[in-house]
Each structure stands twice: as C-alpha cells, then as structure tokens.
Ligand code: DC
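The form predicted on its own is given below as one chain in structure tokens.
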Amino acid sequence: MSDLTVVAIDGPAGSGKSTIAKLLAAELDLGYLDTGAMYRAATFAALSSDVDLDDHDAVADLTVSLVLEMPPSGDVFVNGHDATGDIRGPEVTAAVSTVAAHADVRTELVRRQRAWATERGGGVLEGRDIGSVVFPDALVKIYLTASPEVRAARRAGEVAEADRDTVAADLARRDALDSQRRIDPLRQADDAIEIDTSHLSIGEVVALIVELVERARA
C-alpha cells in the first residue's frame, strides 16, 4: 500500500465522475485532478498546431513539451492560453480518444499525474485508468457507471441544444474506442468497487465513498 492517500475514480463519460470527485475531494480535504482534462488539453494543443493526430511521434513530442496549468479553480491553461472552454468543445471531444490512444502520450501524462499526487501526498483523481494503471495501489478504487440512457441524458443536459440520440451515439463511440484501445484501455480494476449512479443522488454517492475511505483509513 502506498503512503499516498489516493482515491481513484474511474468510469465512462456521463457516469458522474467529475461532479462526484470534486465534492469528494472537498469532503476529504484532498486535492482534485481531472486527468481527462489533461488528455483534452493535449488534443487541443495538437489541433491548434495543425498536427496530424495519427502521427504518433509528433503528438507525443507536443505533449512532452506541453505547458499545462490546472489550478484549483478548475481552469485549464494550455501553453499560456485559457483553454477551459475549448477543451470541452465538439472538435476536441471528437478527437480526444485518438490522442489518448498514443502510448507515449499516455506515458507522459501518467508521469505528470503521479507527480501531481506525490507533491500533494495524494488526492482524488478521476479518469479512465486511475485504479488500473496510474495508481494500482490507491487507497480506495471506485468504478462509477450508469445506464446508457442516464449517461446520455446527463451529457445532453450539459450541452445547449444537444440531441440526446446524437449524444448517446457519441458516448457509445467513445466507449468502444476507450475500452478497445491497446494501451491502458478503459476497464474496471479487479479490486475496484463498482457503484451504479443511475438511481442514486450525488450526495448519496459521495457519502458512500467517504464511508469507504474512512474504513480504508482505519
């Protein structure tokens, strides 16, 4: 067991990871890191530089040199540019799975994620491979899920004028890409606790995870 107090929150898009992880970090007085935003930042940088996203070496080199700032406010600065809104746009969303599939991109960002947690003595990290790859010895590993219908409804509600069927199709596409990629695919760690958030309130999920953390700390 690591000396770091790491709580790993994994799961597919729309499962409630970000909302729950932020509240959980505040409840536990730990730092919070959205690792998905890091892959989105690398994707934004590649798109902004007109780099061929299928060019493994070019995307990897760009990621290694990336100046990425993610203050507690939740803003994301990429090479000095406030990209907080840009990284959530449709262009980045459509391309992020391609960038995230590059092995050297993942190596660099995992290195940064581990360094972030080490500097802080731990934290709540959310993503797709935290419990399985980034911190396999995390204090608590949670895998959040929800029904496809609920996930699509949540995501459609986050984007103005979004069509639920279109959002559902995009989620299914990303699920397939992320779970089938050769390097660090989206999967539930063997010892992760699965929580279906479909019919639970945010408060109920947070309270449940806090109890699990307190038990693990005892």
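Just count from 1 along the sequence shown to find any residue number. In this text the structure is predicted, and so the values were computed from the model without any measurement.
Just so it is clear, the following notes concern the form predicted in complex with the ligand, a form of the same protein that is not shown.
Exactly one listed residue, out of L144, V105, V96, A117, brings a non-hydrogen atom to within 4.5 Å of the ligand in the model of the complex: V96. Between the options R187, R181, H56, R154, the residue in contact with the ligand in the model of the complex by a heavy atom within 4.5 angstroms is R181.
In the model of the complex, the ligand sits within 4.5 Å of a heavy atom of T35.
Contact annotation: R112 falls outside 4.5 Å of the ligand in the model of the complex, judged by heavy atom distances. Proximity of A100 to the ligand in the model of the complex falls within the 4.5 Å heavy atom cutoff.
Checking 62-70, 23-31, 36-44, 188-196 against the ligand in the model of the complex, the stretch whose residues place heavy atoms within 4.5 Å of it is 36-44. Along 136-154, no residue reaches a heavy atom to within 4.5 Å of the ligand in the model of the complex.
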